[in-house]
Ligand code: ADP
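Read the single chain below, which is given as structure tokens and is the form predicted alone.
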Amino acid sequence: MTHLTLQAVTKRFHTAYAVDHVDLAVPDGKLVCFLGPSGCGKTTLLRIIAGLETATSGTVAFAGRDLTHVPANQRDFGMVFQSLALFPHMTVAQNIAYPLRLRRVAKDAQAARVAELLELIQLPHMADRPISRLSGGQRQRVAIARAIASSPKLLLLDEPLSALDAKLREAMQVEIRLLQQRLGITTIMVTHDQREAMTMADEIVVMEKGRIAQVGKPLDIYRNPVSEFVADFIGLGNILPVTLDGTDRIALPGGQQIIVDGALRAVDATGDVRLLIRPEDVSMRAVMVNPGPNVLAGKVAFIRDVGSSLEATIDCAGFTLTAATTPRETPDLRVGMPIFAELPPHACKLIAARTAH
């Protein structure tokens, strides 16, 4: 069931388009991530949904009700800002209770709801603690509790984890996801971190220059990006300019021909084309007996060792490849060694080249 619907939503500042004719349907009870680089329009779109910005044109509807011109305080949405915007002069409990006070909820009902939420965010012992004495992760939890205190129909998160260190950020990604699933609340989260989106989202909306570049489940977008922009933004990928010859063979920048499965050739051959292969799909061998058509000879130029995995940069004729492996799979990998890189035909995908608009 779809609850939030955007139709031709546009936001223009003078002659510049921050959001450009966006159509989107957000399913009920799902967590959707708006993902894209800085300046792509994702936060502006979130603020239009929240009612903090007014669309230049288009409609915003929720559960069949047109909210396009409804003020933010009448939309019954909860929002967590990038800065969290907690009140430093209030305690944890007072911050959580604030939206209930605004709605003139009875004091005993406020207390019961605050106690319930403190248990939910696992901070029942900190009800009377000042916000200034909380850690970053604790403040994050309090901000979410405040946002859901009045049981909103939609939760909006604007890059809420950007100020946290890497380890805490990953822990909070899991916490927020589990909390959202437990509550079953429809949630939209803005992020520029593709790993965060892949970890948390039921559905990802990739944005580019105010427009939606692709919508889909995280793994579908990772495996089947529709363009060079999406492929480059979602995860690591080898993206190479290639030429087509009308068969299943394509020519790499160095002139060598390889085979791509016909099923993966759904691309307009009249435009510029790129080959995408993910690093984990590139197989490396020090010795190759009877190498096939998709085996390239090269030399290891650089190794990025992060303990559990290795990323090797391979110099081939006319281009470089990145291959992902593990110390167990390639125990003797070293810079300067000759290597054979195999590109399995089923893992090679042709995509449209990046275009300006």
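Just so it is clear, the structure is predicted and the values come from calculations on it, not from any experiment. Throughout, we count residues from 1 along the sequence that is shown.
Here the subject shifts to the form predicted in complex with the named molecule, a form of this protein not shown in this document.
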Report whether the minimum heavy atom distance between Gly41 and the named molecule in the predicted complex is within 4.5 Å. yes
Does any part of Pro37 reach within 4.5 Å of the named molecule in the predicted complex? Heavy atoms only, please. yes
Is there a non-hydrogen atom of Cys348 within 4.5 angstroms of a non-hydrogen atom of the named molecule in the predicted complex? no
Using the partner position in the predicted complex, report whether Ala18 sits within 4.5 Å of the named molecule, counting heavy atoms only. yes
Based on heavy atom distances of at most 4.5 Å to the named molecule in the predicted complex, which listed stretch, 25-33, 58-66, 328-336, 41-49, is the contact stretch? 41-49
